[in-house]
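A lone chain, given as structure tokens: the form predicted on its own.
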């Protein structure tokens, strides 16, 4: 409730436009400060001490009240100063697969004084703390669950501190429009890569299939029981699986039409697995989606282009 109230106050006072251009420096008009619950309790105790000192004419009581009040005022200044002129910039975020955790980063920098216990959090998220050395930088990692494919936005961040006494809460907001690309989750149930004949293919590429025995490898939970090497297990060589290979056309197309009975997300997950498998085997492949045709190629750039197309694919009426 208090967090939403502070966000509305910041929207009304600052009216910052997102996304903001990095780096952002927290100048005076961007920092807000209010007492914490401990701060209100501290003020209440000071009022009681002052009333008791007035009522009983206790000179040392006045001294204690003014001393504690001056300490509280100094603490408020240091709380505000812990954020003032702090420089903020987003870090690089790597793409992830659906179901994984995206690691967003924020760099905190300062060139004057060290900063202590600076916290960063998303709306309704857990806070991550960091100390910023003098004339140095600190990096805060913000893990965000990637639940579905597409773009995952970090959203607005709150930077706050309670340093040094915990009596005041100073905070500011920043929104760089940072986002992370989330690929579909690979589905090993896609099976071996499609073996297709092509008039342009030379038929020299070897891919996992069912034709010829190739080698023994470690057992995987997705392996078929009929591929388990029982003789090797009897010789106490461990649980191994037989790997079979097939001769494939050099024109390997990973197409939407290979899974006609599945839904959109299931198709994308299986095609993602095929893309990763083809890249692992060093093959040249192309990707065909409704409205998307990525020509035959290979390598890291081609793999990333295919994964991006799968992540951002939007089903159309013709494909449905």
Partner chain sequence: MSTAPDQAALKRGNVLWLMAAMGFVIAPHAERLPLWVSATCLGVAVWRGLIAWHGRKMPHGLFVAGLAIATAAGTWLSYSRLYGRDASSTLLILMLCLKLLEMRSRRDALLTIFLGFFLVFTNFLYSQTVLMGAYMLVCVWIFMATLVGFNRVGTEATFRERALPAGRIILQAIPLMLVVFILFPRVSTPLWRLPQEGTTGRTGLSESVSPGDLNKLIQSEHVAFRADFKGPIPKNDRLYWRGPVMMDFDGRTWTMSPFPGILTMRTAGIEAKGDEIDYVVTLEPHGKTWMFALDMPLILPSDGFLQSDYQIRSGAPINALRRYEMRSALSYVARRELSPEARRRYTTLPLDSNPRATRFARQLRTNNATDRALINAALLLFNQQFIYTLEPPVLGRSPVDEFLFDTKRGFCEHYASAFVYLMRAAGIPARVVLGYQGGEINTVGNYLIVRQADAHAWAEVWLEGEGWVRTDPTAAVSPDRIERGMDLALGPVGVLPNLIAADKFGLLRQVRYTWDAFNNQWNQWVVGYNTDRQAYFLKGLGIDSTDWRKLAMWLLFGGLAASGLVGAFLLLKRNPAVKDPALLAYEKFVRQMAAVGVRREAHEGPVDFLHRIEREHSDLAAGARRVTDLYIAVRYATHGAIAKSDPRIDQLRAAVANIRNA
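All of these numbers come straight from a predicted model, not from anything done at the bench. Numbering follows the first chain given and starts at 1. Note that the rigid core is defined as the largest set of C-alphas that superpose within 1.5 Å between two forms.
Although not depicted, the form predicted together with the partner chain is the subject of the following passage.
- Within 4.5 Å of some heavy atom of the partner chain in the model of the complex lies at least one heavy atom of residue 70.
- The closest non-hydrogen atom of residue 80 lies within 4.5 Å of the partner chain in the model of the complex.
- None of the heavy atoms of residue 27 is located within 4.5 Å of the partner chain in the model of the complex.
- Contact check for residue 74: a non-hydrogen atom falls within 4.5 Å of the partner chain in the model of the complex.
- Stretch 132-140 is the answer when you ask which of 86-94, 132-140, 148-156, 185-193 has residues with heavy atoms within 4.5 Å of the partner chain in the model of the complex.
- A heavy atom within 4.5 Å of the partner chain in the model of the complex is found for exactly one of 284, 33, 276, 50: 50.
- This chain lacks the partner; the member of 98, 167, 170, 106 within 4.5 angstroms of the partner chain in the model of the complex by a non-hydrogen atom is 167.
- Using a 4.5 Å cut-off on any heavy atom, the residues of 56-70 that reach the partner chain in the model of the complex are, in sequence order, 56, 57, 58, 59, 60, 61, 62, 63, 64, 66, 67, 68, 70.
- After superposition on the rigid core, displacement of the C-alpha of residue 293 between this form and the one not shown stays below 2 Å.
- If you fit the rigid core between this form and the one not shown, you'll see the Cα of residue 54 move by 2 angstroms or more.
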